[in-house]
Structure formats: structure tokens, C-alpha cells
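Just the one chain here, laid out as C-alpha cells, in the form predicted on its own.
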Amino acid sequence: MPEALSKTLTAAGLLTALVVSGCSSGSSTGGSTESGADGPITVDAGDTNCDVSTTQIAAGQHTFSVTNSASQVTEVYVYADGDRIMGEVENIGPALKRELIVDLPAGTYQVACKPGMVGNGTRTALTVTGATPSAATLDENLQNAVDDYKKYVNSEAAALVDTTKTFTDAIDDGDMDAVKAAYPAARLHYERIEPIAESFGDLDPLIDMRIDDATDGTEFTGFHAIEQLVYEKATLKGTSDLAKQLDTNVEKLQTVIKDVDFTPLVMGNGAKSLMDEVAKSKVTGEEERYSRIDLVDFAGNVDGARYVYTALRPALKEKDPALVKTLDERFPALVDLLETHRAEEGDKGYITGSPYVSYDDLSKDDVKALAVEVDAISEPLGQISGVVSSK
């Protein structure tokens, strides 16, 4: 991470994205160049264009109003140097509009539109100038939520290091059964804090890249490179160096996470991002394509989102009791449905080390039911950041 970017910026990373309907613009400045008028920054995300209504803005919180004019589902990112994610909004259907709130300190950024949600996308440069406005003092409920979440993330990062070490030790021992038994636990802890990890643009690919992201100049590495060798090629040959690299990178992640300054906006956007991840790659069975433990990752994302909601719930109850009522209903419904797919050794679809059945054991109706529940919670979850950042 470049030192010029503060730890608050790093923390904000991916998580400062907000996806809500009808959210106000915050301190965004509109216009074709540097602007001073209030209002969202509009983004026209087309098949071959990514038109942003202004390319120079003042430091602070901004709302991007994204319209998908492409012929397929799209996603839009705001990247800092090194493709560090400052904010993202995914799964925008054709002709639909979504909003994205991002805290942007002074610096240079890129707005990337990715039709089909693949590749580097079409990009527009964005320059942010001036001093960042001072953060408002949090009330007791919000401060308690931030403090609790910081402890949770650090605890999960420590567990990720420990469970990854168990996994890589088994590789060193040449014990294939132990490798498979250890893999799901390590993945669970990563998925619970996935948006935080993704905010470190250099580390996340080294830990969690999929083979689609490997190019001639980018080596396939991390969890999924080992997963491919173990589950698809049924060998531990070639895993030793990958395991050493993985240990190093999760330890780096644990170190940098300790310096993250969380905010209620970061938390709320992270929760929404986790559910977007479920919809994008877990419920579709794309994430764990060799091991088929996609439901472990699914559960990890839901765990992380639910922790955020639980921590913020006292503040949300004061500000928007109707939203709390909805989420109090939606989270148990999703978790209960996921629980119906648990499996123990000897059960049909059981995978060593996983408490859930193989993704391949799910019927089309099972997948559809999970997708429906994810969709049902996604929209209200996306309102959290707007509520906690409102005055």
C-alpha cells in the first residue's frame, strides 16, 4: 500500500461503496469539470463507455449515481493507485440504476465500468483535491459498533493465519486427507472479512485470485491455485511454494488490518459487499470450482454481513426501526435455509472438512431458493450505510 494513502483511506477501500436506492448525494460536486453544485456524480456504464459527469471533485464523501446502459449486467468500481478498491457496486442489471457512496481523500482515481462483470473494464480518470472534511463525532451506539467490529475483524484475521497454517502444514507433511480437511476452515475465515481483504489491492489477488484472473504476466497463486492442484489434479506436487507464499500473504494481511480505521459507513458498505459476493460467485458455484465447498464461502460472507448488522443494530433501531424489522426477518430466513444444506460424514454430498454439502449436490431449485433469499436481503442491507451516515 502506498504510504501516501492514509490508513483511513485504506480502511475505506472497497468498503466505502454504498448501494442504496434514493440516497442523497452527500458532498458530491457535480459539473463537467471541477464543480461546486450539490448532487450526485452520474456514471453512464455502457458496453464500451464509462462516462462520468465530473472528473475533478473536492475531497470528502461523494455519491455516484450509476446507470447501466449496457446490454448485460455490469459493475462499477472506484480505484485508487494499484487498483486498490475504494468503492464498488455490483450486479446492476441492464437499464437499472444504483448508487454508490465513497469517501475520497485527495488523490487520483479511476472509475471503471465492467460490463459482464469481468476484465479491467472501461475507465475514466478522476482527480480529487483539497483537504478531507473532519469526521463527525460518533454517538455511543455507533462508536460501540465500530469498536466491536474492529475486534471481530482482527480476531478473524488471526484465525485466518492459524487455519491457513494448519492447511499449509498438512501440505508440508504430504498428507492429502489433512489438506482437504483443513481447507474449508481457512476459507471460512477469509470469506468473513473478504471486503476488508479486498481493500488491499495488492494482497487480495495473491490470496484469493481465481484462474480467470491469471494472465501471461500474472501467476496463478493463492488458495485457489492450491485448490486446483489438490481437488482437480489430485496432487500435492507444486503446492509447497504456493503454501509458503500463502502463509506470508495472510500474515501480511493480518498486520495491515490492525491499522485499519473503521467507520459505520465502511461497515455498512462491507456488509452489502459481502452479499454482493454471495450473489456474484457463491450462489453461482464459481468460487470453489474444484473443491465445491461454495456453501462454506457463502456462510462466511453471511456471517460477516450479519456481524456488521448485529453491531450496528442499536444505532439502526433508533434511526430506522422499519429497516431493523426487515433485517430481523431476512437474516434468520437466509441462515435457516442455508442450514438445510448441512452435511456430516457419510451423508450424500459430504465434503471432507465442510459442514455443508457439495455445491454439485444442490438441485436447481435449491440454488434458486438460495438466490431468492440473497436477493431479498440485499436491498435492505444496502440501506444500512445511508442510515448510519445520515445526520
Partner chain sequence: MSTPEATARPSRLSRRRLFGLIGGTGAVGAVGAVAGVVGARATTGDASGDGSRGQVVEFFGDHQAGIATPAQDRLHFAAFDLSPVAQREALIELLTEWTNASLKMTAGLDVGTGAVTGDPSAPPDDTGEALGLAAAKLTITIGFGTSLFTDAHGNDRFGIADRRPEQLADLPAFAGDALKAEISGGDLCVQACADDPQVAVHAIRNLARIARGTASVRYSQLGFGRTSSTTVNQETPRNMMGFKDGTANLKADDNDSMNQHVWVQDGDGPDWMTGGSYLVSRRIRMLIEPWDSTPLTEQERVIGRTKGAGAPIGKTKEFDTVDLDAKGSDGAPLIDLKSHVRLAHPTTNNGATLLRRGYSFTDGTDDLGRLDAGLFFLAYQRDPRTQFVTIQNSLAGNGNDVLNEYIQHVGSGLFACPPGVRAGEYVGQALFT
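Numbering follows the first chain given and starts at 1. The structure presented is a predicted model; accordingly, all values stated were derived computationally and were not measured.
The following text describes the form predicted together with its partner chain, which does not appear among the structures shown.
Contact annotation for the candidate site: 154, 251 and 291 all lie away from its partner chain in the predicted bound form (no heavy atom within 4.5 Å). Across the options 256-264, 215-223, 89-97, 305-313, residues that bring heavy atoms within 4.5 Å of its partner chain in the predicted bound form belong to 215-223. With a 4.5 Å cutoff on heavy atoms, residue 286 counts as touching its partner chain in the predicted bound form. Interface residue remark: residue 279 is counted as part of the site for its partner chain in the predicted bound form, having a heavy atom within 4.5 Å. Taking the partner from elsewhere, residue 301 is found to have every heavy atom lying beyond 4.5 Å of its partner chain in the predicted bound form. In the predicted bound form, its partner chain sits within 4.5 Å of a heavy atom of residue 364.
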